[in-house]
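Take a look at this single chain, the form predicted alone, given in structure tokens.
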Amino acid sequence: MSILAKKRGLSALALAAVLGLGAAPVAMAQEKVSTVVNTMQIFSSLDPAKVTDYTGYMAVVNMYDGLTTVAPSGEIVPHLATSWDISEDGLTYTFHLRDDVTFQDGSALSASDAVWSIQRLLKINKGPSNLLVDLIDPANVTAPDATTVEIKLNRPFSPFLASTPILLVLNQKLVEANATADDTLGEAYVGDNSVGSGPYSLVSYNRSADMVIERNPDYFLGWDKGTPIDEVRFVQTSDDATVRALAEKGELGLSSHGLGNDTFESIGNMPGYKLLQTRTAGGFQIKLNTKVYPTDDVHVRRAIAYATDYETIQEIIYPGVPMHGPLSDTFETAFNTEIPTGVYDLEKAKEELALSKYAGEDITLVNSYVASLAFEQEVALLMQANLAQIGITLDIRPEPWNRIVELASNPDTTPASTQVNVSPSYPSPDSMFFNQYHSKASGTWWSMEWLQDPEIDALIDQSRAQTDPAEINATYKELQQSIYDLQPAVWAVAPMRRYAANACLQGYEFRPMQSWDLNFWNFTWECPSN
């Protein structure tokens, strides 16, 4: 989690010694800029068809290109596709591609690659495919010519355009050349390699520790913004003391966003460093498993919500603003302003508990969080003290992130309560509703509530089928109220997205799509004159 800026004379060998990563390649030309970026968790896969979390999306947004991308405003804008047409019935989307894009191996990107990549996503049926599998038949994704992709939907689907940034294009010939009889879609190869056209290509990848990517000099959008980042080295660590030590030595480049509040403040006050801070479109919540003891009772869930000290979380532990239920107010037209923010009231918590089927019993509540995140430990300890005052014993169980993902696959293994940060995987309220609360999305870390409620499913389906924006937003507002009434989570805080950054790193802008703000093509290395 440091910056190796050879302009500043830090050698690759010195960096390796600091990070304990072993010998690194000898430093290249003095003008090369190599940035070391911290991540909180491992890159479990590099396959665009399988990514589900922020590190996975961070990898693929740098190595691949989608049909479209998302602007800081949340607007879907052209990328590989220069324009698109939508049929009057809303079922057929025709994308017109650029003709000057090459893959990182130098071969031309064609519409046939895009078609094959989308079909592959649907066949693998993991990761981001959950919103498309029942919506698109692979045979209905076609390429009328080398620069045209046509996608026919089975039914109207209002958020479809918002999901097109995740339709990332792979090099079909390269993948098929490395496929096997037992792995016809090349999942093993794509999981460990870069086969895209993106601004960065893969240099090395160690799933449990680090990843290195380097600038693609032939990237179709060019590199004329300023001094580009030539190399990005991602290092997985969550130890705040290590981060502070690197900053004190002047070696910190860009931190993760999961550091403790004190660490952010400490680094931000150091010479040569700054804090990047912005609102997000997501939220930090405590997901409550509605299928297991004791959170299978709505009154217990409401008691937990009333026993949450929102002010302490929002102002001290994890700075941010209050949440009004399941949707961020950054989705302004879809946001239900009538839903209140959370209230800390232990007397009301006791009243709710008395209404539950577990009233009068000794209640134990399991709470899991990502073991490497100090602020989540602080939240757990705060909840433990508060819940004890209403007769609930909190059994705190920190887990590695990959273990939480594994536990989330089954309602019986999903903890009764789990701390999770959730951000849209595509810039639409639908991402927050479908991925978390629709029955078809059950079995992922997104949906650890296991809500599986027919009314909620019907409202989500209704919003997806509507085409008039006013009607869609009305359904979204009704949906928020219905979810709020069921209390499947404690919506604790809409956190400020914060990074500790070297003062030379420029160009950060938040984008309301998971990790799309960490596409390093948007960054430059320009040191302040003072």
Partner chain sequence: MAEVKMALDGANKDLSASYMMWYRFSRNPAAVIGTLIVLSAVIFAILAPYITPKPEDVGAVVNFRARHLPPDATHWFGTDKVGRDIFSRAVFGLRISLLLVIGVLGISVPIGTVLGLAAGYFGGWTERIITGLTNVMLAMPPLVMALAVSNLLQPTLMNAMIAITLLWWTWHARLIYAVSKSVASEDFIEAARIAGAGPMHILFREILPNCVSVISVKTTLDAAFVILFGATLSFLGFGVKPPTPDLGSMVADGRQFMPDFWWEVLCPGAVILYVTLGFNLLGDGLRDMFDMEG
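Keep in mind the model is a prediction, meaning the values are calculated, not measured. Residue numbers count along the first chain shown, from 1.
From this point on, the text means the form predicted in complex with the partner chain, which you will not see here.
Colleague: In the predicted bound form, does each residue in the set 316, 377 and 385 place a non-hydrogen atom within 4.5 angstroms of the partner chain?
Modeller: The answer is yes; 316, 377 and 385 each reach the partner chain.
Colleague: Out of 107, 277, 312, 125, which one falls within 4.5 Å of the partner chain in the predicted bound form, going by heavy atoms?
Modeller: Spelling it out, the residue with a heavy atom inside the cut-off is 312.
Colleague: Among 145, 262, 134, 406, which has at least one heavy atom within 4.5 Å of the partner chain in the predicted bound form?
Modeller: Of the listed residues, the single hit is 262.
Colleague: In the predicted bound form, which of 284-292, 352-360, 234-242, 221-229 comes within 4.5 Å of the partner chain (heavy atoms)?
Modeller: Single hit among the candidates: 234-242.
Colleague: Taking the partner chain as it sits in the predicted bound form, is residue 395 near enough to touch it, meaning that at least one heavy atom pair lies within 4.5 angstroms?
Modeller: Flag for residue 395 set to yes.
Colleague: Is there a heavy atom of residue 71 lying 4.5 Å or less from a heavy atom of the partner chain in the predicted bound form?
Modeller: It does not: once the partner chain is placed as it appears in the predicted bound form, residue 71 has no heavy atom within 4.5 Å of it.
Colleague: Given that the partner is absent here, does residue 266 sit within 4.5 Å of the partner chain in the predicted bound form, heavy atoms only?
Modeller: Taking the distances in the predicted bound form, the answer for residue 266 is yes, it comes within 4.5 Å of the partner chain.
Colleague: Taking the partner chain as it sits in the predicted bound form, is residue 188 near enough to touch it, meaning that at least one heavy atom pair lies within 4.5 angstroms?
Modeller: Because no heavy atom of residue 188 falls inside 4.5 Å of the partner chain in the predicted bound form, the answer is no.
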